[in-house]
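Below sits a lone chain in structure tokens, taken as the form predicted alone.
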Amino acid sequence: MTNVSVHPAWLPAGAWRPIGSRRVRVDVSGTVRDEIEAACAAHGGELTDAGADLTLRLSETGHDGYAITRAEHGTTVTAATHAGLLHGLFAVVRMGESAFTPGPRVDSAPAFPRRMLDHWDNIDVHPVMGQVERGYAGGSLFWSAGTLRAADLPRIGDYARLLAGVGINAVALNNVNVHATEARLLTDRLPEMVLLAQVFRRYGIRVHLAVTFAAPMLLGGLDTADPLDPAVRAWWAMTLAGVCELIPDFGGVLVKADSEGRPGPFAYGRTHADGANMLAEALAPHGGTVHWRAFVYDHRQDWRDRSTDRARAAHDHFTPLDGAFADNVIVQVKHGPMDFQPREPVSPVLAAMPRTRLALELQATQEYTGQQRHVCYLAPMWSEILAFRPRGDDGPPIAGTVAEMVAVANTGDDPFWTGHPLAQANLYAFGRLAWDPTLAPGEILDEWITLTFEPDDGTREALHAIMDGSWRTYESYTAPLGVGFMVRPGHHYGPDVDGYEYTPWGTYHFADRDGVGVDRTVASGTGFAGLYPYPWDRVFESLTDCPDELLLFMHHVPYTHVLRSGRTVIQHIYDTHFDGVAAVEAMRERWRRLRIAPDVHARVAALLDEQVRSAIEWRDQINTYFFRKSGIGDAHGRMIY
């Protein structure tokens, strides 16, 4: 079933042995039966109509999940839909031999009906962003230099299988920054979407398409894209009807509008709701959905103007429109108010639009978390976000507030799928958390380790030691205390403390000789802290109560300000950057002692060498910068340049 030229990730042949070595009854045709046939052929089991160790059949479970019953006479998986039965089969794969030991019934339903992955793939190679924007795993799985990778459809099928294996059921195939060639996927290049949809459909995954708001002008010959213009609305209705005719299960469209130079309804004096609802009207007869991104801000900001705050932008643009969006519109909100930083507060938009369906957008591709050259297991961060309660302990968590979860994909045509073999764990974790946001990050990581490596106890322990705390390690040697960015402009890899400080992008730290941080208080700053409901508005407003890890996001403080740890801000900066390098060096040494597949070992070893080099560069640039700014030395007398 799998392409032998690429790494099998979390579905290696060995993971199927507990199923494929037994007698199995499958009461449906299609993908589930195909998977069982392949497993039995590989491991000596057989399909049977009686006396089965494992039975898979349809029944009325009432949702798109599954039930697993484990009894002395055998194990039974039931589900109301073929997709549910497929997810139940993959659950048995995760359980391994324990699936065939009598135990409590398992009833599992997804927390979110749509669990979506957004690809930022280009058809043509972009002169700046390449084949995949913010991609760190080789080229696109779908296109190469302007052409559909038709010969690679079997590998794309393997990819769909991996996604289904963790519960993902929707995928947007192309970049949200839609260029001229990609725009034509709506029209003359639509047959490429049809082919890709056929591949993903086998695994219960619906395809979505990123579209440009200017498509009626670019493709339809109109002189306007005004969402209230009847001719524009008619063009969208006709065009999307044509898509749905050829792709009956078409998921819908994804739109980035009036953001970073992309066209949108503002040009016509219209709102985001006007633009989204026009597309929603066109898709509604076909069961399609509009995902409208809330990543909208002024990217031509005057750095001298401290009253303008990029962190406020999505809230200021979208919350006045709460209740104005159609039922089949999902407003897609980044998890933080800035841009996928290693540490940000949860976006206040997620708590401010109760009458609008929202999606939580995460970033599996590691744009700001090491670009898949650094080990950075993101599930602990994502779990913190999902568990955050904007209205305090008595209110619902983010996982109970949003309607969907979405992640920007971290995959490409690299043989390991994600460039860094250990970055596979982030894609795995996204799918598992989107199915069940209460799962513990360590539990998810252990599942992934078990499936991917079939490890002995020493290997399992080492991988946990390397990966469990790797997000906080990355945070410790990069931008301190939530201030963010400090990366090299453009490609965003490596340190450049002032790289964005005097640019129009709104990503500032305001370090001077006395202190550092952004004053976002109501009392004296931009007022961002006041956008949160009680009690977090008061917590973030208070210099005393604000969590240390977000201190410089919310406040401008002296270098001598004392944190809850008892250390000053400047000493915290020094200590964490030295400690971060030491932690990465320990990770590298631990990896060197592992006995693991040679190709995986060599790739990760080379990347850990780069991570050590990069962490040292981060440490030395950050520490030197703040030593020169503050004039305050390290209490421990370590080398700072």
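Computed from a predicted model, the values in this text were never measured in an experiment. The first residue of the shown sequence is 1; numbering continues from there.
One more form of this protein should be noted, the form predicted in complex with a small molecule, which is absent from this view; the next part is about it.
S.K.: Taking heavy atoms and a 4.5 Å cut-off, does Asn177 contact the small molecule in the predicted bound form?
M.R.: Judged by the heavy-atom cut-off of 4.5 Å, Asn177 is in contact with the small molecule in the predicted bound form.
S.K.: Mark Glu133 yes when one of its heavy atoms lies within 4.5 Å of a heavy atom of the small molecule in the predicted bound form, and no otherwise.
M.R.: Judged by the heavy-atom cut-off of 4.5 Å, Glu133 is in contact with the small molecule in the predicted bound form.
S.K.: Counting only non-hydrogen atoms and a 4.5 angstroms cut-off, does Glu260 reach the small molecule in the predicted bound form?
M.R.: It does: once the small molecule is placed as it appears in the predicted bound form, Glu260 has a heavy atom within 4.5 Å of it.
S.K.: I'd like to know if Asp339 sits close to the small molecule in the predicted bound form, meaning any non-hydrogen atom pair within 4.5 angstroms.
M.R.: Yes, Asp339 lies within 4.5 Å of the small molecule in the predicted bound form.
S.K.: If the cut-off is 4.5 angstroms on heavy atoms, which of these, Trp143, Trp120, Trp435, Phe416, is the one near the small molecule in the predicted bound form?
M.R.: Here the answer is residue option Trp120.
S.K.: Can you work out which of Asp226, Glu475, Glu541, Glu367 has a heavy atom no more than 4.5 Å from the small molecule in the predicted bound form?
M.R.: Exactly one listed residue reaches within 4.5 Å, namely Glu367.
S.K.: Could you tell me if all three of Arg17, His43 and Arg155 have a heavy atom no more than 4.5 Å from the small molecule in the predicted bound form?
M.R.: Looking in the predicted bound form, the three residues Arg17, His43 and Arg155 all stay beyond 4.5 Å of the small molecule (heavy atoms).
S.K.: Where, among 369-377, 427-435, 554-562, 292-300, do residues come within 4.5 Å of the small molecule in the predicted bound form by heavy atom distance?
M.R.: That would be 292-300.
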